[in-house]
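A lone chain, given as structure tokens: the form predicted alone.
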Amino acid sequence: MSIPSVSTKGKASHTFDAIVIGSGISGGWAAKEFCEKGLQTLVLERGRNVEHGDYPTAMLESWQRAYRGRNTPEFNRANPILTQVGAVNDADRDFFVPDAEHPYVQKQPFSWIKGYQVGGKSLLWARWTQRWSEADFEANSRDGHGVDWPIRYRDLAPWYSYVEKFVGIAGNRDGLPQIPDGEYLPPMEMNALEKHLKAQIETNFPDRNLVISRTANLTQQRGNRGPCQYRSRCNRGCPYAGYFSSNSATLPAANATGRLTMRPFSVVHSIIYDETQQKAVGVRVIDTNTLETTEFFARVIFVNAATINSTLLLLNSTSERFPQGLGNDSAQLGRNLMDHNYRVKGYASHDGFKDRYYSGRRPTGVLIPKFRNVGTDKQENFLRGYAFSAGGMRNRGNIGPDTPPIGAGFKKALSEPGSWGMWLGSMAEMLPHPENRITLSATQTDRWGMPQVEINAVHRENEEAMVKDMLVTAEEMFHAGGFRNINVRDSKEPIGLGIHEMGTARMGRNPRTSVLNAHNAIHAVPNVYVTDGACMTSSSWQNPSITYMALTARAVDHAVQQFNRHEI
């Protein structure tokens, strides 16, 4: 597209040491680390400003919202993609992007869920924080899918510890190799039904375990943050800072240094590559409201716009040197798109434990870590593996089929605890595949004049085989626990609803087959780093955000060393 006339208002006032594109989970960490290490840092966020405390529905009860907090029929009709996410409701939907506001092209069904505001989807994430294991970083090299990771667990372990100590992770040290132990606050407690399922699984299936999830909710106060109030309203924003977000933790830390400049309403159009200097020198930014274009300059640039937007930006950053996108010598930019496979869902009821209850609304669940292709378990039908998230609860109201639907008896029954139930969901790895990819439309643009993203990705043979196995193992564990009314199904939901999109600018050892090096810098443009989900070389099965954070802190440390030596 043609670029409008540029307003720089003096290059000096638009020049920083570092530019960070995006303010979510990884961008917030980049901002904190750069500012605390002494660099004047500009953070560019395409969405509106949200400061910690700007959470208008956090204290409201359902009866204080229209439709008791449910979405209106009009909203549901207007947002068929977004409303596939069960968490989207009248209390938190302002943190999600409506379908019409940023269209894209689905060459195959793919639900792209976006959060455009300062803090990004760190206001909305599930907060589960299992580390990757040594086996996860070796998986590609073992079975030949994708390229080898240029790092191993030992390279990232100290950075996991570094970020965990700041974030505040509640959890146990479980001693399981597939989820290495870390730096934890006291764990949240399992309820009676979860403890029962744990005992039955570990008795009947000695190669399987059930543990409390490690979660970025504070069980002890950290400075002016927390502790968690057990309200389970995290998606609305937490005024107590009881869970980790960019807004409550990393961005305030960056701001406290006096070195942070935050610029919301800023869509980054492209990264400016200087052919003479053979490096990136800045970025072009479109104001989301006025559409005016401005340039900003820095010696180091971090791309943290979330996987799909980061890839869009890199593909759109063309030059004589990089006609197919910045750093795209390998032609891998946009390829190997992955998401976690959450298609298997289960629910079952249990007749026991009528004399047991629990306190509060715990904002996390329990985890059955990966057990397929672990240790002596070797599967013939699929590679890699999967886990299950789960949670037990008592239903509201002791209401049965014979309970009158009105009157004093009905009111009394509503005030009593109901029967126990257990939900369960799959968390399965998706293999990297070069034809699962993102490209840019040659004809369709968005409201800012940027090319629309075209997404073409499908679950392939390995993912489908894993779904079949997950259906069997989920049901057999419910049976082992003595559950009834067991309902385990394949939701057949599209890719993207895991909201863990990864890949498309992968790390690797060889510049001919990857985009980024072992420190997350672009091979051919070493002053540009990518540390969000786009950098991932494989997906494993764990929730990925804690890995993004560790990779980001590690990459900033490397960039600052390079910066101080004037090597970038």
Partner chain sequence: MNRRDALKSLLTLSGSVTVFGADKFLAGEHNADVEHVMRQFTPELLALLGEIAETIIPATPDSGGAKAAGIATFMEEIVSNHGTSEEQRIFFAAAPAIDAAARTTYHGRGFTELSVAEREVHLLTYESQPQDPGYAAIKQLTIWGYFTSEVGQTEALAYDPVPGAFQGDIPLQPGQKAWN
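Only a predicted model underlies this, so the values are computations on that prediction, with no experimental measurement involved. Positions refer to the first chain, counted from 1.
What comes next is about the form predicted together with its partner chain, which is not displayed.
The stretch among 99-107, 425-433, 165-173, 73-81 whose residues place heavy atoms within 4.5 Å of its partner chain in the predicted bound form is 73-81. Although the partner is absent here, residue 284 sits far enough away that none of its heavy atoms falls within 4.5 Å of its partner chain in the predicted bound form. Although the partner is absent here, residue 358 sits close enough that one of its heavy atoms falls within 4.5 Å of its partner chain in the predicted bound form. None of the heavy atoms of residue 464 is located within 4.5 Å of its partner chain in the predicted bound form. Mapping the unseen interface onto this chain, residue 62 counts among the residues with a heavy atom inside 4.5 Å of its partner chain in the predicted bound form. Contact annotation: of the candidates 224, 415, 443, 289, the single residue with a non-hydrogen atom within 4.5 angstroms of its partner chain in the predicted bound form is 415. Between its partner chain and the residues 152, 321, 231, 447, the one pair within 4.5 Å by heavy atoms in the predicted bound form involves 231. Contacts with its partner chain in the predicted bound form, taken as any heavy atom within 4.5 Å, map to no residue of 253-271.
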